[in-house]
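One chain comes next, on its own, written as structure tokens: the form predicted on its own.
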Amino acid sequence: MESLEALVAHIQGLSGSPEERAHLHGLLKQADGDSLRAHAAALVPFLAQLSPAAHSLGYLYLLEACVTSGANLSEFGGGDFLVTVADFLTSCSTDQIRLAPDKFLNVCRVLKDQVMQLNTPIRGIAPLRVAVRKIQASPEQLTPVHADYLLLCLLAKQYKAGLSVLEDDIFEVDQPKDLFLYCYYGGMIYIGLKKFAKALELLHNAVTAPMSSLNAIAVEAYKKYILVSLIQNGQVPSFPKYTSATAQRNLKNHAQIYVELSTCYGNGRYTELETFIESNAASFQSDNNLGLVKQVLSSMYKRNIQRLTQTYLTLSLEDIARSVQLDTPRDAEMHVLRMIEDGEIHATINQKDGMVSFHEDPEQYKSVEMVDHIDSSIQRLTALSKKLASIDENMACDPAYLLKTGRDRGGRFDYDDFDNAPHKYF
């Protein structure tokens, strides 16, 4: 290997044009390896001679050698070195770091591990948010940095920060594990924000994603999926037909206590559900789900009140309290008012006689706001439909896919197998 001084000189002199960077990349590959990591401590002073923005490719090779050398980062300056890593992630050149994506991902992972070890996850949020955008080939691509970023948002309780990546439509996934973690952590962030419908979407994706063997992420996602389904909808739907056979056969066996909780919830008896939760509190606590289970219990009141709206036009607060097992009419009034405010029921309360009148949904779907909402939803669905059609076309003409389907059928193809392929390819 060349001397470090010569290598740094090459980095300084060959970071300009794409042709020069291609030559530099070859030199860096030759110098890379155990020999470079063995000089990790000596590399740190040379980083100060380089610009993270102008010399990003060479800086990345040296920085990655430092952080993956196995040495304690405190030897490189501890917290100050974390600042060096964070500054690089935020200021590096996108074009240059994409020449060595694996090394960039290694640096991101080390930063995540270090801020977690220091119990300061908030320090990694801003750098990794920038890193996600720099390593993505398009906003539709899922990267390993997504899951690391969402994990730090969870640990720091900065749930809103996670929305910056969760609001993207993801169509490109390289590694299944990245998808499972993205959906699981994303679901937890939406739970933290009390956006249970969005949480349900992501947890549903984790549970129904293709899998040849069961994994721990899917099991934990299914447990939360049951709880959030009860909170949001009052019931747990059956598996859709596109769920993998592995998930359908095994998930319930690994979440039996949650399946029993769902059954108990369906009976509609608050005291019975409360007793079940108390007797199994240790199990729920070991899964870190006890807080969510308690929200399931409190949602029982809301669900039972909603059932009353399907039977009665008017009902006294005293009758509501007795029917749903609340202690006082005042408690019933507070629950009804909260549900009216959240738009979960449509009702009015007569303060004179304590009577509650239930009404139909007053929305006529003809206001300007509602028309704009419907129009934007139609446009979004149209765009998604076109995207899925394009993906379907590419898959129908993919040689690997056709070979796999032909092998599964014993090498035989029918004429119908080619109907979905676009005619422009023939």
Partner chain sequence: MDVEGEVPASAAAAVANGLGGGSEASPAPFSAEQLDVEAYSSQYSGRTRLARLLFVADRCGIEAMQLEALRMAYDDIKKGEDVQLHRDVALKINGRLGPRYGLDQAWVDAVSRRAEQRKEKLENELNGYRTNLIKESIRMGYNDIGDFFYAHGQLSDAFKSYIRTRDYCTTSKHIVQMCMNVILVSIELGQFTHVTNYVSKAEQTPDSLDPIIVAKLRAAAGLANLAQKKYKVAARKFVETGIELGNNYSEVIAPQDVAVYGALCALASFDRSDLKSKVIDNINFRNFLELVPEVRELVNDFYASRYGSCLGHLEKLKANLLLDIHLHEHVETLYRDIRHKAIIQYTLPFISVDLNTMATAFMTSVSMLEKELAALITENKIQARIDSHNKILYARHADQRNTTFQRVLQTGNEFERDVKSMLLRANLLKHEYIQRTGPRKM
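We call the rigid core whatever largest set of C-alpha positions still superposes within 1.5 Å between the two forms. Numbering follows the first chain given and starts at 1. All figures in this text were calculated on a predicted structure; none of them were measured in a lab.
The following text describes the form predicted in complex with its partner chain, which does not appear among the structures shown.
- Look at 90-98, 123-131, 256-264, 212-220: in the predicted bound form, residues with non-hydrogen atoms within 4.5 angstroms of its partner chain sit in 212-220.
- For the options Ser299, Thr84, Asn106, Thr208, the residue carrying a heavy atom within 4.5 angstroms of its partner chain in the predicted bound form is Thr208.
- A heavy atom within 4.5 Å of its partner chain in the predicted bound form is found for exactly one of Met334, Met355, Leu193, Ala137: Met355.
- Taking the partner from elsewhere, Thr311 is found to have a heavy atom lying within 4.5 Å of its partner chain in the predicted bound form.
- Proximity of Ile170 to its partner chain in the predicted bound form: non-hydrogen atoms within 4.5 Å are present.
- None of the heavy atoms of Ile345 is located within 4.5 Å of its partner chain in the predicted bound form.
- Proximity of Lys29 to its partner chain in the predicted bound form falls outside the 4.5 Å heavy atom cutoff.
- The candidate spot formed by Phe180, Asp361 and Leu381 is fully in contact with its partner chain in the predicted bound form: every one of the three has a heavy atom within 4.5 Å.
- After superposing the rigid core, the Cα of Asn394 is displaced by 2 Å or more between the shown form and the other one.
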